Each structure stands twice: as structure tokens, then as C-alpha cells.
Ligand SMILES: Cc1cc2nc3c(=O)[nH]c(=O)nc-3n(C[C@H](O)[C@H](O)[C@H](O)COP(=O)(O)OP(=O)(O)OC[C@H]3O[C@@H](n4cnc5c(N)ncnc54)[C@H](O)[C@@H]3O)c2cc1C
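The data below hold one chain only, encoded as C-alpha cells and taken in the form predicted on its own.
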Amino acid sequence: MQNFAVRQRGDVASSFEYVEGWGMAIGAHARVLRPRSTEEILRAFELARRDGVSLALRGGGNSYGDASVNERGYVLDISRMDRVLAFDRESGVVVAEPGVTIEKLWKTILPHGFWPRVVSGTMFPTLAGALAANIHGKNNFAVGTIGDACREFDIVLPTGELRTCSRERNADLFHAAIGGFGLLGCFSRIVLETKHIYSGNVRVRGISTRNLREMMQYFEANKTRADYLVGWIDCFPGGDDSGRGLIHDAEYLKPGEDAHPEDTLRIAHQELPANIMGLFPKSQVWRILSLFNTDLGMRSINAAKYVAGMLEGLGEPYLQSHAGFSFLLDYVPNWKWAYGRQRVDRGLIQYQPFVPDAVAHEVHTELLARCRKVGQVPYLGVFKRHRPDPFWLTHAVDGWSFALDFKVTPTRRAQLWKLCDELTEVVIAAGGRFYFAKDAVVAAEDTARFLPHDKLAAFAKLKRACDPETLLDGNLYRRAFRDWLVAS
């Protein structure tokens, strides 16, 4: 976010800024309010109400699309509420303010032998943002989403109420606000369960696969043993090679397998290196990547990665730090700038459909074929196995997701959005769903088709009760939610 002017608005720090999605392809100027307490959240609500504008909630700004963009109102950024309030070293239960990042969480608990049960591919989202999006990780098939790891939370409603929610108390609000993208209220306190670990390392296997079918077969054969499974896919080849890629399969070390856990559980052991081979700063790697950010260049990089993956697959399992394995997106700082740095008409979007197991191979193969046919091949594809969860607006299914990174340029944009509309029809017809933390294209009429009607109606009713003035609004709400919420 670019900061243009700073002033105080009723004791709530604020500034006028350009606020964009992480993928840089979508953004708008807005007044950004940064509360430091529950009281200031309430004052921010009052300021928006007084000025006759809406609020969109924002955490670390890591959603790819428009989840925290609000071109018609204010943005409420909770990142300054970033204290870890309590940590039980016996149970691993953490109590935190909403702006605590995943990075701050793991750095707090790791030295005591704990790790977050669920993390995203980057360590920079806030816990409030993670909970609002109901993020999943490479272990979703085994442990579910971050919502499954949440014991309770406090939420500030636009009505001025503060409610404590859990599976037993205010259960409807608990299951609607998790994955509700800040449309019902603002988290002010979060209680999470974490996992006890016996080493700062995981044991990793690299498995090269010739096509999507082979990758899915490996996942199914190993999902009861592995703690983490994730597949990288080269989206360029077709035919028998369609979906070729590399699986990373990781397991926690058991008690006694790490001879020196006091060393591997240190923060220093987890830190990602700042330089390549100790010489070239990673902060400048995006400049090199930008030279290859073309169809030809990315075809070459993907082919080279596949060959490297074949060699890795021939090797023995190896040890890798939890941070090194979990936060692959953080290895190269600002790698997204290779897609066009600070240009509103450029960047990337991620399209991530979730498709039921029975039809996943057919559907995901069809999606790739359609991309290749129109010359809009994703530059990066990530494949994961999932399980259902109880949250009302959940993206999860008993099946598979395929995260596809598309380059956005002025000449490709219209065709890309049209392609995504066509892909969406294929996904919805197959009973699939979408993940709004990544999404930038799904329309409200599509949302109403893939989410259960009873949950949509219940969410709309709860929205009217918690936010009768529709104070919590934003680009995502207007694009993907408003029509069916108003109609329900």
C-alpha cells in the first residue's frame, strides 16, 4: 500500500493510500484506518457510519484478488493489533490479537516445541485474515483448515456488540465468521490450538510424476501416512504428459529421531537465507525472473524444474526446516514483481477451483486443456488434496484443488477473464467450489450456484442481524456476495 497522507480520525490512525490485492492486478485508493484496540475498532465503525461509507477489513494484504479492496469506502487494517496475549506451554494453546502474523505465531511457539497446525504458503498473513479466509495448508487432507484449529474468538460487530464465539457458544456466528471474509464483524481476539513437535525439521521426499493421474494415485496411496502432501505441476505439456510434476511429501520427526532438537527448534535454524550461495541477494531475484516472465520463458523454467524434480525424485529423503518447507512463497522476496511491478494494469491472478474426488481428474485435465487451447497457460500450478469442513461459506470439498497463476497484462486481461468464466462453468457443473482468498473473477450468480442454498440463506439472515446497515462492504462483497445476500 502506498501512503499519501496521514492524519487522525477520532483517535484512530488513518491515511489515504492505494490498496491493492497481493496479485497487483486489482486495487483502489481508500482511506485506511488502523485501530490498536477493540475500542478503536468501534470508533472506526462509527467514523465510517458518520461519513456514510462502508468498510472492508484487511489483515496482511495477502489475498490475491479484491478481498480487502474497497474503492467506495474505507479499509480497516488490523495489523497494528499484533500482541500474543498468552501461550500455554503445556497444551500449546495460543491467545492472540487479530494482527498477529503467522510469522510471529511460529516464532513465539517453536522454541517451546510447537508449530501452527495450519499455515499458508507464506508466513505474512495475519491470524484474523487467515481465519476470515479459513486458510488451508499442505496438510488439509489430514487436519482441515485453520478454522478447525480455532477454539474460540471475540468478534466486534457493526452494531457495537462484542461476542465471544466457539463451537458451543454463538455457534452459528462461529461457523459463519470463519471463512466469512469480514462481512459480519472484526475479530479482536483469537484462540488457536497448535501442534506439539519433537524437531525443528521435517523429513521430505521428492517424487516426480509423469502426469496428473500418477500424482493423484500417489496422494491417495500415501495420505494416511504423510503429514503434508503438495504437488507442483508444469501446466504447459498436453497429451500423456498433461499434469506432469513433482510431489513433496513430508512427515514430522518422531520423539528421539532428532539427535539435537535444542538446535533445530531455534529460530535461527528456521530463517530463510537472504542470499543465493551466500552471495547474490534474493531481494533482487525478481529482476532476473522478470526477464523470463513470458510464455516462452516460463515454458523453459517449468521444463527445467521438471527435470530437476526427476533428479530429486531419484534421491533419498532429506531433512528441511519447518519454515523452509512451509513457506516456499517467501524464498524469493517480492517475486510477484516479475509480473509487472506497481502497474495497476499488470500483475497476476490465481484461479483455484476445488473439485470433488470422483470427477477431479477429468475436470482438472479439461481445465488445463482449455487454457492451452486459448494460449493462456498458467505459469504456476499447485495441486492439493482436501477434506470437507463445517464452515458455512467453505471452499473445501472431499476432493482436490488446483491453484493456477495467470499473468495479467492489458492485452491479455479481457481474454483471461472470459477464459475464467468458461472454466467456472466447468467447475460448477462438476459440483466444485472456489476460494475467495485467491479469487478475482467469480460473480455473485456463480457463488449462489456452488454454495449450499440453506447456508447462503442462513448467512444472509446473520448478516442482517450483525450488520443491519451493511457497513461491512468492499469490492469482494459487491462482486461475489451482494446480489444473493440482498435476495435472500
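Please read all numbers here as calculations on a predicted model, not as lab measurements. When you see a residue number, it is the position in the sequence shown, counting from 1.
The protein also exists as the form predicted together with this ligand; that form is not presented, and the subsequent description refers to it.
- Stretch 55 to 63 is the contacting one of 24 to 32, 459 to 467, 442 to 450, 55 to 63, since its residues have non-hydrogen atoms within 4.5 Å of this ligand in the predicted bound form.
- When this ligand is considered in the predicted bound form, residue 353 lies well away from it, no heavy atom lying within 4.5 Å.
- Shown alone here, residue 226 lies farther than 4.5 Å from this ligand in the predicted bound form, counting heavy atoms only.
- A residue is said to contact a partner when one of its heavy atoms sits within 4.5 Å of a partner heavy atom; residue 364 fails this definition for this ligand in the predicted bound form, lying far away.
- Contact annotation: residue 98 falls within 4.5 Å of this ligand in the predicted bound form, judged by heavy atom distances.
- Remark: all three candidate residues (122, 129 and 181) come within 4.5 Å of this ligand in the predicted bound form, counting heavy atoms only.
- This chain is drawn without this ligand; in the predicted bound form, the residue among 292, 318, 335, 417 with a heavy atom within 4.5 Å of it is 335.
- Only one of the listed residues (384, 244, 407, 175) places a non-hydrogen atom within 4.5 angstroms of this ligand in the predicted bound form, and that residue is 384.
- Along 68 to 103, these residues reach a heavy atom to within 4.5 Å of this ligand in the predicted bound form: 68, 78, 98.
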